[in-house]
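One chain comes next, on its own, written as structure tokens: the form predicted alone.
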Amino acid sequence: MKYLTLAAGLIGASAAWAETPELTVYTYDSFVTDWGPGPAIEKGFEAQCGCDLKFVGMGDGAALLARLKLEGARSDADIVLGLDASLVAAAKETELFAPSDLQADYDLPITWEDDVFVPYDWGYFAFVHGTDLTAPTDFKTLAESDLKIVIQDPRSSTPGLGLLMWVKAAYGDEATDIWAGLSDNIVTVTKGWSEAYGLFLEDEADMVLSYTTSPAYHLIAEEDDSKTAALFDEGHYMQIEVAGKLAGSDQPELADQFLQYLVSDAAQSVLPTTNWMYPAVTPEGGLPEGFEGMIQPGKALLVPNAQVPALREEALNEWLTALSR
């Protein structure tokens, strides 16, 4: 009798487990770290969805798209979270993403009108450095200096691609000369953001490509005001990070529910002090204390999504040529 009771219990537990839907979200590595937004968003969403939310971290944003192209329609992902506006056109070309009619009260510097991807946070690229450094105020001054910088590879990293677009948007046909000048400032090119920022913190470089909001992490989380970002006169390139639902998802309704949660106050209030970016929808409580001290670019630069693929190839060739000399 005891055996039968135990067996029935095990069968019941197995059935309950089998009925628990699983949602798989591909994202970048830093999102799923203990200090990233992943754990809090996972806990919050699972509390309302009755599901198992599974984050899969893999490199940086551009690496996500490369992985998805490799897997194609066979991908286990239901959601891809961590592409940015510069990759939207290329992602749509795969025809792997489903449309989204999600509406939200976005607080972005531009009007968001895309019918596939949902923005969840945004920021400006910048070179972060110590406050004891007299920073350059544009790329030309940086190129003429002896300062050592760490950047990310545009083929695998969204910040790296953002830097290509930044230089191209600011200088156009002069971009080749800018990269030629910067080539001897570059200590190394890393695969992703985490590796580059780690090298900067280990004093391997004077400056690192990151975000205007990165110093907020040191100020709020570490009570360290020794970091700031250089304000460039030619403007700063904007990054808008997005999430999208895969057309081949076997949990389409749950995927829609997750995207809706991602722009809810519960998730958006988590992002400033975990992903250290501006939320796409301003939380009810506003931004955390400390964000008001971040530098404010005088000019926002952004290449229209549809123009990025062609411009990317031109900018990548300029970058590769300069670094190979």
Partner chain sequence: MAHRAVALSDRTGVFAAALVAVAILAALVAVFMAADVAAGLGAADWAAVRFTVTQAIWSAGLSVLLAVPVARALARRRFWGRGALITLLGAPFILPVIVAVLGLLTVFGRSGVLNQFGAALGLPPVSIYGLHGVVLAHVFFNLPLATRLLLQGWQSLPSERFRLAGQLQLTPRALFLALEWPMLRQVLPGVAALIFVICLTSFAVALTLGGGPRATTIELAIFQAFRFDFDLGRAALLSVVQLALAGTAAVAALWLIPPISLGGGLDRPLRRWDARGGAQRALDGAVILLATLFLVLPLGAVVLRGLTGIGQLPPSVWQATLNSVVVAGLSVLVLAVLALPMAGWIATRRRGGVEAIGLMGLAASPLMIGTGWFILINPVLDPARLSLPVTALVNAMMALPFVLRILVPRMRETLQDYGPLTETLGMRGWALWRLLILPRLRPQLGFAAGLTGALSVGDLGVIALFADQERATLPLQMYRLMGAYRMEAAAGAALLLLVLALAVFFICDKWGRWHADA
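Everything numeric in this text was worked out from a predicted model, so none of it was measured. Numbering follows the first chain given and starts at 1.
The protein also exists as the form predicted in complex with the partner chain; that form is not presented, and the subsequent description refers to it.
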item: Selected contact from P297, G290, P283, G57, since only one has a non-hydrogen atom within 4.5 angstroms of the partner chain in the predicted complex; value: G57
item: The single option of E113, D101, E93, D203 touching the partner chain in the predicted complex, heavy atom within 4.5 Å; value: D203
item: Contact segment among 252 to 260, 44 to 52, 65 to 73, 274 to 282, judged by heavy atoms lying within 4.5 Å of the partner chain in the predicted complex; value: 65 to 73
item: Heavy atom of G130 within 4.5 Å of the partner chain in the predicted complex; value: no
item: Proximity of T176 to the partner chain in the predicted complex, heavy atoms at 4.5 Å; value: no
item: The partner chain contact in the predicted complex: K191, any heavy atom under 4.5 Å; value: yes
item: is_contact(R155, the partner chain) in the predicted complex, heavy atom dist at most 4.5 Å; value: yes
item: Residues in 119 to 152 with any heavy atom within 4.5 Å of the partner chain in the predicted complex; value: K148
